[in-house]
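Presented as structure tokens, the chain that follows is alone, the form predicted alone.
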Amino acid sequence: MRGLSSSKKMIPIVEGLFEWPSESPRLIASRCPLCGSVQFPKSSVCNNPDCTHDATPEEIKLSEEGILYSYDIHMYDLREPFSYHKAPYAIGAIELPEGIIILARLTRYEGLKIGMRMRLKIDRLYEDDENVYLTYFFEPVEDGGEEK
């Protein structure tokens, strides 16, 4: 993982959200083999109410890139136990090719545009005396300094 250097142990904030450790981590989801419904985080049951639920969903890895469907800029700090969320910060809804829209913190709040390409990034959320806690973020994809 580029940009993170620490003598502390780097661990996911929640086990099973994304591949870790990995040079090219991806979010872990599930897909129902009957109806095709995709769920994130992964689930052992299909959440589609129209499905017969007669089969166990299979684990899949989600695409690393998607489209910014919507976003909000939070202009306030959260209180304990989430005080590591310092304002301002952005939360985005990212539409992925698998047909699912997921919510994620964005790496920045400036220059965001609905429809822009976004890429998964695993990064530090917060740390304590022993560990650096990692989570998934999305960041704008930049090609030659221009965002698409």
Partner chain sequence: MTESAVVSATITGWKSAGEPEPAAEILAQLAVKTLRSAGLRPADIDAIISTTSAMPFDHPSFLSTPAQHLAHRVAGKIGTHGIVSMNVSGACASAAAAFAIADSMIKAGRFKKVLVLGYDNSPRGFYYSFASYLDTDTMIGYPLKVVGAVNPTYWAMWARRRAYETGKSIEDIKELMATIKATLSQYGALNPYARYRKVFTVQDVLASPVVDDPLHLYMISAVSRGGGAVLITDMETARGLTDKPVKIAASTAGSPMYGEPSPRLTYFTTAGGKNAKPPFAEWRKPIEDAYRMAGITAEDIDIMEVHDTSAFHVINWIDQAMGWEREETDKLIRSGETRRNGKLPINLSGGTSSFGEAVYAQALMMIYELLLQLRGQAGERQAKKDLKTGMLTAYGAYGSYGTIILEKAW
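Numbering follows the first chain given and starts at 1. Treat the numbers as computed from the prediction; the structure is a model and nothing was measured.
As for the form predicted together with the partner chain, it is not shown, yet the points below apply to it.
In the model of the complex, the partner chain lies within 4.5 Å of some heavy atom of Leu125. Mapping the unseen interface onto this chain, Gly66 falls outside it, with no heavy atom inside 4.5 Å of the partner chain in the model of the complex. By the criterion of a heavy atom within 4.5 Å, Ile91 is counted among the residues contacting the partner chain in the model of the complex. The partner chain is not shown here, but in the model of the complex it comes within 4.5 Å of a heavy atom of Pro41.
Contacts between 10-39 and the partner chain, taken as any heavy atom within 4.5 Å in the model of the complex, involve Ile13, Val14, Leu17, Ser37, Gln39.
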